[in-house]
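The chain that follows stands alone, in the form predicted on its own, written as structure tokens.
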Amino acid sequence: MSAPSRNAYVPFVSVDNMMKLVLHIGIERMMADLAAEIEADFRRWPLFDKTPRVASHSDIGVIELMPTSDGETYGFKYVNGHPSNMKKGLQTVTAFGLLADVATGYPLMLSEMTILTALRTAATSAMVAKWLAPRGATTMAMIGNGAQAEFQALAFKEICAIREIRLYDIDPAATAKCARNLTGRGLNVVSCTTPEEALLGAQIITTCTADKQNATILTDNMVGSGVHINAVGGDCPGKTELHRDILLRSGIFVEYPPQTRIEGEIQQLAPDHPVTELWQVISGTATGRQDARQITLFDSVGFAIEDFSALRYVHGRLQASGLYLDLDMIADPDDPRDLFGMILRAAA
């Protein structure tokens, strides 16, 4: 039997190779690079196919597909969200993604995306805060100290010049873990015992909790004027973090309204409640922060274009890094019409 042709192989970025790539580039540097890639794609937003992610919900979690294309390259991500997994010693979120060539339909790359999603989520948060946060912000409260917390902290340090991170989680072990991981990374880390303590002096508030419920992580009286809220945890129907009154006091910025109205904090509001699309702020066709006293809220749910940007970034570094494996993934018979004969010849 002859060896598969070159067309049969698809580069695969394993978890091991993704970790090596991140460490080779540097965590903060890679998130800054990803933020730049995502911002560049937001500037060409109208070119992309856009649809709310295709979600399969159950009582204990959700499994989603997130597709998009810019007309030349197609990408999708498979991702789940199962908050109860942590009690089983499993990840709440796992993901993988694929890039393909629109001209042929052939895959260009298959990649792990559990780590890459954490990186791109934090990069997106900090990129958005660059446009919306109060000028000169140096302190961020991090409410929810799970798997995403360190990435958020380091992205805001690198991209927004945050110098102090104030940590709170209902599980003190999560806060201790996060504080330990951030030691020596250029941040003043303050571990707090209440959310109110974490908010003291914070100009930016990031909420990133996992429970699949309509929770009230922040009440209205906890949020003063002039702050930027980065609401990351509310990302599916029935899962929110902020009291509705906070939303009514805020200028709300979203990725893709048809998806965010289903999944984000604004599922609590009327379907026609005004929001601003981030791509319009970045392209200069809409206003971001209007004044120093305004509360700005990024209702972050994650959108496919961000994953597309991240996958394309990784794909662009494959050849130079060599951090990939070739998978024999595409059937490629000598005669494209003779797939059956290819199977028969495999027995020879």
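The first residue of the sequence shown is number 1, and the count goes up from there. Note that the coordinates shown come from a computational prediction; the quantities given were computed from them, not determined experimentally.
FYI, the form predicted in complex with a further copy of the same chain isn't displayed, but the following is about it.
- Against a further copy of the same chain in the predicted complex, the set 200, 222 and 297 makes no contact: no member has a heavy atom within 4.5 Å.
- a further copy of the same chain is not shown here, but in the predicted complex it comes within 4.5 Å of a heavy atom of residue 185.
- Under a 4.5 angstroms non-hydrogen atom cutoff, a further copy of the same chain in the predicted complex lacks residue 241 among its neighbouring residues.
- At a distance threshold of 4.5 angstroms between non-hydrogen atoms, residue 150 is in contact with a further copy of the same chain in the predicted complex.
- Although the partner is absent from this view, residue 27 contacts a further copy of the same chain in the predicted complex, with a non-hydrogen atom inside 4.5 angstroms.
- Remark: of stretches 261 to 269, 157 to 165, 132 to 140, 174 to 182, the one touching a further copy of the same chain in the predicted complex is 174 to 182 (heavy atom within 4.5 Å).
- Counting a residue when any of its non-hydrogen atoms is within 4.5 Å of a further copy of the same chain in the predicted complex, the hits in 98 to 113 run 98, 100, 101, 102, 103, 104, 105, 106, 107, 110, 112.
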